[in-house]
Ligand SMILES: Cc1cc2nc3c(=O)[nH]c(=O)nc-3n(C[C@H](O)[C@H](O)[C@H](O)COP(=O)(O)O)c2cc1C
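Next up: just one chain, as structure tokens, the form predicted alone.
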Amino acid sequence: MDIFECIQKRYSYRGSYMKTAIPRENLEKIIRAGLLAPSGCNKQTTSIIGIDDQQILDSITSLINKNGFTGKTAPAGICILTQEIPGYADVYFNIQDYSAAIENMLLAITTLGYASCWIEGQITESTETQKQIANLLNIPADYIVVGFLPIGIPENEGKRPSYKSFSQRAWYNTYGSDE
């Protein structure tokens, strides 16, 4: 599929996943897509842990199983880490860096025929949850756990969001322009 079709097909899947294993070569392709994302001042503040061990997945998803999170049935997942490293003049780009990495991975996931959902708030709302995941995955103290992507083949077609029209959110040359 071309990039525009992939972007249009991608959505946040919140349903159950089939038990079909994700081949490690596909998990690596997804991770590599994340590592190739742009990075402010090339500080490369984002690190990624691919997870295909069911016991580890169960532990992580039990820590973030809030508000109807159903990623617990995914046969694989990705944990996203960041480091706060200043780019220049004490300006930090780690949030932009990991956001770009996550979007690259979400597009790679879609291209490979899988589904996912960007899980961040259920992790970052609690430093205790972040610490528990860090301990589980042996993450050094200078990294911050900021996200998790469950990955798998969706059991059902997920609900796609509706979007505001182009003219409500984008213009040419000046804000609100009809031209």
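None of these values were measured; they are calculated from a predicted model. Don't overthink the numbering: it's just position in the shown sequence, from 1.
Here the subject shifts to the form predicted in complex with the ligand, a form of this protein not shown in this document.
Peer 1: If you check P38, G121, P140, G113 against the ligand in the predicted bound form, which one has a heavy atom within 4.5 Å?
Peer 2: Filtering the options by heavy-atom distance leaves G121.
Peer 1: Consider the chain as shown here, without its partner, and state which of L57, V145, L27, C117 has a heavy atom within 4.5 Å of the ligand in the predicted bound form.
Peer 2: Spelling it out, the residue with a heavy atom inside the cut-off is C117.
Peer 1: Is S12 close enough to touch the ligand in the predicted bound form, meaning at least one heavy atom pair within 4.5 Å?
Peer 2: S12: contacts the ligand in the predicted bound form.
Peer 1: Mark F166 yes when one of its heavy atoms lies within 4.5 Å of a heavy atom of the ligand in the predicted bound form, and no otherwise.
Peer 2: Taking the distances in the predicted bound form, the answer for F166 is no, it never comes within 4.5 Å of the ligand.
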